[in-house]
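Listed next as structure tokens is one chain, alone, in the form predicted alone.
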């Protein structure tokens, strides 16, 4: 696959490869399945080695099942369960073989005639969704959702608790699994960009960018320089409104209602700038394979508007920092240790708040990021306060990046024509406001998309989140959840 290094291996060799990667300081990213031929299933394993600038991908064709890597890389557990649910492939010795996405009575919709297990073991089928069996009269069970207050997305959270103390927490997220990856099948590259922007509404640019870069890698397309810089501009505007919304929402959970309103007002101001620049508050309809659909003209007015907004955002962040009642509720809340963050696959601001210094914009630069100065904020504490500080620092970094882009922006074309190549495949990535985002695209023999795989940051961080809830208290739960900045649409693709 273009954009990666690697090759074909035997499925039985993958545990040894995973252990070697772990020892070297690399990281497994995901595994997914697809059908290169009718009735034949193939697994693809994506990893990032310790050195920056490249990705590894191995492919193998299982004979019904493959060895599970979850005991070596726990973060792989959800990806393997997703493959089991959707493709009917088994993973031997998986520690959590319960259903993740589909109900127990639903057959795998993409089961291949060959390379799929006839009977995948589902341990604990009598215990819904892998919940622990507890027979303690003083332990209370609280299933919360899937319909929740306000306009929150559908999810059911199960709490086992005594008094205010949460003993165990289990999220059930896939009530509205939309099958977005399958919707790409049969689309042209250009139509696929429209679909990618709608996988997660608040990540339209990141999804569109990662998708288009995968298409461009597959088709060996070189994007014009002006378009590369404008893509950075759009990506950082998206990061700004997401992080400002985050700080406002987090303030609301600590009962600072004025601060919540102010943060969301600043978010609205950024969205108004987005609409003036592109015609879309969510920056949709601009990024397309080969560059941009049309040129943008931010040079004359955007710098001044952002300078005023930058000062207001800095004042807002300073007021939050000096609000003791807000800061005290965040410190020590929802602590995520560095080892757990690494093992379970945390990404984005969540991992950087736990001491893991990784950012795709710097480590695997794309668009024009290699030519721009980037400050990556990292904290060691791993609590809600650290996660808020990381995002606050990223707001200032985004303003600085946009200012630099506007200074360096040159005249030129913004689109390069490309032609589909039957059988081509490529990998694209972006550092979204919530973390690492990957798109792997496969073309069919007709030159249209055959398989698109998405690794979304919320899918990763939702797996991590429960580890910060166990053995905490009910009063801190809403603050902790808000500090992760999770979306369910981005998870249940």
Partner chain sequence: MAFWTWFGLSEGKATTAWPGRGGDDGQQGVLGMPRYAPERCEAGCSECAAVCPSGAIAVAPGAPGGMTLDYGSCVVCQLCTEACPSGALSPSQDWAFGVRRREDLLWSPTAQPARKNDAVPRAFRRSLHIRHVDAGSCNGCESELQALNNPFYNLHRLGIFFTASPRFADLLLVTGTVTHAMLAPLRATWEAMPEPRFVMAAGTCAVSGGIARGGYACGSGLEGVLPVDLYLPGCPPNPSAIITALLVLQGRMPERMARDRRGE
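Treat the numbers as computed from the prediction; the structure is a model and nothing was measured. Residue numbers count along the first chain shown, from 1.
In what follows, reference is made to the form predicted in complex with its partner chain, a form of this protein that is not presented.
Chemist: Between 268, 396, 295, 416, only one gets a heavy atom within 4.5 angstroms of its partner chain in the model of the complex; which residue is that?
Modeler: It is 268.
Chemist: State the residue from 409, 377, 368, 320 whose non-hydrogen atoms include one within 4.5 Å of its partner chain in the model of the complex.
Modeler: Checking each option against its partner chain in the model of the complex, the one that comes within 4.5 Å is 320.
Chemist: Just one of 281 to 289, 377 to 385, 354 to 362, 232 to 240 has heavy atoms within 4.5 Å of its partner chain in the model of the complex; which?
Modeler: Every other range fails; the passing one is 281 to 289.
Chemist: Is residue 166 close enough to its partner chain in the model of the complex to count, meaning some heavy atom within 4.5 Å?
Modeler: No, residue 166 sits far enough from its partner chain in the model of the complex that none of its heavy atoms falls within 4.5 Å.
Chemist: Is there a heavy atom of residue 487 no more than 4.5 Å from a heavy atom of its partner chain in the model of the complex?
Modeler: Residue 487: yes, in contact with its partner chain in the model of the complex.
Chemist: Can residue 245 be called a contact residue for its partner chain in the model of the complex at 4.5 Å between heavy atoms?
Modeler: Result yes; residue 245 sits at the interface with its partner chain in the model of the complex.
Chemist: Using a 4.5 angstroms cut-off on non-hydrogen atoms, would residue 308 count as touching its partner chain in the model of the complex?
Modeler: Flag for residue 308 set to no.
Chemist: Sequence order please: the residues of 352 to 384 with a heavy atom within 4.5 Å of its partner chain in the model of the complex.
Modeler: If the 4.5 Å heavy-atom criterion is applied to its partner chain in the model of the complex, 352 to 384 yields nothing.
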